[in-house]
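As structure tokens, one chain now follows by itself in the form predicted alone.
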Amino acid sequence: MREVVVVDRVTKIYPNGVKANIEVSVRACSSEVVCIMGPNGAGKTTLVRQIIGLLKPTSGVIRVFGVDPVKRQDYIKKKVAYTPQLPLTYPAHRVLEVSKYVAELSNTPFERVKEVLEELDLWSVRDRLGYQLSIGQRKLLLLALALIKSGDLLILDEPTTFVDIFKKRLMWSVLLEERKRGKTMIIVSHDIEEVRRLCDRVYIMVAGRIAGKLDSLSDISRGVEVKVYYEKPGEITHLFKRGVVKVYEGLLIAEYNQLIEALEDLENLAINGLNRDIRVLLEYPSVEYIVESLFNKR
């Protein structure tokens, strides 16, 4: 496959002496979805800003579609669609107005604008002003604008932060369709389920460095865990059909590979076990857990 993004031993040192990236190397090939994970302050957003040419590396080489993104901003703006981490908005403009403006700049037909807004559940709020949108809707609009722009490379910085689980599932579905269409993507994310669903390859960043690379999160043994505290857990085991269930005194533990499976069983519990005095705890492996697992394998 053709290499779309090449980051080769890139170091970024800010004027105050802070080393945000240290000898970072990353690759993304055509039709591939690459994820960058890591704790807060690991240097992920700095790396993304260098890839799109907003920041110049202190040392090292970055090539996007074979060109230097800092020197060829005109080319990069045509080829790359980017969504920032923060839920930016256009407070005095309507959703449809902003969408049509982006479409005109990128020669995208109106039919595609309508399709994207409908896919992301924004068509019903197309006449709302930016300040009237919820934080989640603002994130949806940012993704919509990136898709309307229709760049060959999508770079998404925490695309589903501030979005509820139902809208996340919607966004994941849309992105999976884009993947089928051959889009190359780089996704910065803290959401384990998001990475499981979307990404072909995962880079783990810690303290400005690439600490490791995973082909998928299936390399991480721990999945989603539901703990149900109830005096007679044996009475509710039949409600947990999608997980591996273990029963202890006053406790039921169900383990799952995917978050959606756990949520479906919890929905079943909510519908059929509301008259029971129970306490539920949902646990998911954190980025820190994945980093620890990675280092423990060495």
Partner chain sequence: MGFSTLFKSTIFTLKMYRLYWPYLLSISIMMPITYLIIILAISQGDLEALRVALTGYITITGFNILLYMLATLIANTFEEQVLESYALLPVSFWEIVISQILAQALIGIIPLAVGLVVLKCISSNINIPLLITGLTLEFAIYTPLAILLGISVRNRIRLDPLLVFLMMFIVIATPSYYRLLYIGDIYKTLLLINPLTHVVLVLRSAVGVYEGFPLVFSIIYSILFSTLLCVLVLYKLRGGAFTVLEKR
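If you're wondering where the values come from, they're calculated on a predicted model, not measured in any experiment. Positions refer to the first chain, counted from 1.
The form predicted in complex with its partner chain is left out here; the points below concern that form.
- prompt: Any idea which of 74 to 82, 167 to 175, 188 to 196, 111 to 119 reaches within 4.5 Å of its partner chain in the predicted complex, heavy atoms considered?
  reply: Going through the listed ranges, the match is 74 to 82.
- request: Identify, from the list Ile260, Val244, Leu251, Leu54, the residue with a heavy atom within 4.5 Å of its partner chain in the predicted complex.
  value: The residue in contact is Leu54.
- prompt: Using a 4.5 Å cut on heavy atoms, which of Val125, Ile210, Leu214, Ala146 is close to its partner chain in the predicted complex?
  reply: Here the answer is residue option Ala146.
- prompt: Does Ile135 make contact with its partner chain in the predicted complex, using a 4.5 Å heavy atom cut-off?
  reply: Contact check for Ile135: no, nothing within 4.5 Å of its partner chain in the predicted complex.
query: With the cut-off set at 4.5 Å between non-hydrogen atoms, does Phe162 touch its partner chain in the predicted complex?
result: Phe162: no contact with its partner chain in the predicted complex.
message: I'd like to check something about Arg94: if you look in the predicted complex, is any of its heavy atoms closer than or equal to 4.5 Å to a heavy atom of its partner chain?
response: Yes, Arg94 sits close enough to its partner chain in the predicted complex that at least one of its heavy atoms falls within 4.5 Å.
task: State yes or no: in the predicted complex, is some non-hydrogen atom of Glu104 no more than 4.5 angstroms from a non-hydrogen atom of its partner chain?
output: Close contact exists here: in the predicted complex, Glu104 approaches its partner chain to within 4.5 Å, heavy atoms only.
field: Stretch 62 to 90: residues contacting its partner chain in the predicted complex, 4.5 Å heavy atom cut-off
entry: Val70, Lys77, Tyr82, Pro84, Leu86, Leu88, Tyr90, in sequence order.
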